[in-house]
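Form predicted alone, single chain, as structure tokens, below.
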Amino acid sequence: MMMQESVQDEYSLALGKEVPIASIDKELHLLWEADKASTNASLINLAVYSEADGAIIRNSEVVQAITREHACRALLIGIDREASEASIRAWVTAHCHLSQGRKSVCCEQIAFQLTGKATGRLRNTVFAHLNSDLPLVFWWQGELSPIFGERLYSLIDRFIFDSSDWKSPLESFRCIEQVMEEVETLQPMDIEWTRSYHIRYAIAGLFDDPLAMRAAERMNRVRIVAHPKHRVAALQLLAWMAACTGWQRSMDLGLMASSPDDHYYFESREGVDVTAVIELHPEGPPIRLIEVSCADCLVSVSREPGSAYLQQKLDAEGHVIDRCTPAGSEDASELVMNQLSMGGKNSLYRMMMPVFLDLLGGEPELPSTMSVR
């Protein structure tokens, strides 16, 4: 009993006033009546979903940071599908920040904790409290579960997830692919893909150099070194290169049958055989090195463990470029904030997806049937 009271206190301290489900709208109204000096601001609905124990409390702190930059109505959703008892609890609060040092601007937060069979009331109970005039950005944390069904994803405008958390990425990505086909307006945002943004930007920038651009069609080797937890990021990086350059998977059966793990073979539009290898290293950042080369040109972007910078190098026919640029953050919440600032439809992710699924372990597709959506 003492332990239960302690947990309840912890929830109330982090999530605000606990209220009956039927009284949420009334309590939000009273919240604003009590503080007439503050302005309620909201441009999106931001739902943060987790089935991890205690995540709803940690996510309240994350949302507090997000609302400094992005005005939203936040819905925190904690789910315990294994609990024997069915229950729904709710809390309301507001995150307030000074705007231009004078006016207090606040964002509403409604937190829900559902357990047992009550998790089936997610749509009817939780999403009844969306601001219906605003788009829904849904941040799913952890493994996909049966909760992620049509009744849920049909409501979502922008779906955020982190594939580095998945134990079976191929199965989960197949699910995401199917949803993308069913709901063409849904915008996927994989945090793992976002982690490689600065590296992709750096590689593309190096190929702006005339000598590198001229050597691009002769490039025949790619080497990527990644942390084992971020093999998906490495495969997405390779898929991005293949999709952008028009490389097709080699259909040489003998070559494919004898290839060791994490070796991939392509053929360029000019008929050049390209060999790519992904090496996993237990220390360092998610992507430690990407190196693209041919006989007379080498382009690379690397990051040393603990460094906040990327080292960019180009060596082509004696022409050398060596410079450092910021590596960007690896933190999931900061990456989400960056993506909310950038907006966009993430069309590059959709373009890369078919090649990525092929590399991840799906059935190899013939070049003529490889789609670019």
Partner chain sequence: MKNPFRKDLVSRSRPEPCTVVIFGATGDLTHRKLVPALYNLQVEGALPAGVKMIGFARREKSDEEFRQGLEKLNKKVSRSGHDEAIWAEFAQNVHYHQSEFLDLDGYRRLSETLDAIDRERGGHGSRLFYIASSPSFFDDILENLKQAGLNQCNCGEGCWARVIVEKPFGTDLPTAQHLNRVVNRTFEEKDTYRIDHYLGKETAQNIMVLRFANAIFEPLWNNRSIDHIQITCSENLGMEGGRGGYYDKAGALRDMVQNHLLQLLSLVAMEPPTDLSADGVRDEKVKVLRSLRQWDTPELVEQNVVRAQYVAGHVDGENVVGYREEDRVDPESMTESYVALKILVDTWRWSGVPFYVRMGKQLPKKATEISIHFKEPPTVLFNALSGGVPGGNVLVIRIQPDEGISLRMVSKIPGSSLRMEPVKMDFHYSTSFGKGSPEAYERLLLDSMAGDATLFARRDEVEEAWKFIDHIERAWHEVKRPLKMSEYVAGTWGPKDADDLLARDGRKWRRL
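Numbering follows the first chain given and starts at 1. Computed from a predicted model, the values in this text were never measured in an experiment.
The form predicted in complex with the partner chain exists for this protein as well; it is not shown, and the discussion that follows is about that form.
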So in the predicted bound form, does any heavy atom of D273 sit within 4.5 Å of the partner chain?
-> no
With the partner left out of view, is E291 within 4.5 angstroms of the partner chain in the predicted bound form by any non-hydrogen atom?
-> no
Contact flag, K26 vs the partner chain in the predicted bound form, heavy atom cut 4.5 Å = no
Applying a 4.5 Å heavy atom distance criterion, does G116 contact the partner chain in the predicted bound form?
-> no
The one residue among I57, A65, A52, L43 placing a heavy atom within 4.5 Å of the partner chain in the predicted bound form is L43
Looking at L152, V183, A94, V105, which has any heavy atom no more than 4.5 Å from the partner chain in the predicted bound form?
-> V105
Among 132-140, 280-288, 198-206, 162-170, which stretch has residues with heavy atoms no more than 4.5 Å from the partner chain in the predicted bound form?
-> 198-206
Within 4.5 Å of the partner chain in the predicted bound form, which residues of 307-331 have a heavy atom? Give them in sequence order, or say none.
-> Y309, Q311, H319, I321, D322, R323, C324, T325, P326
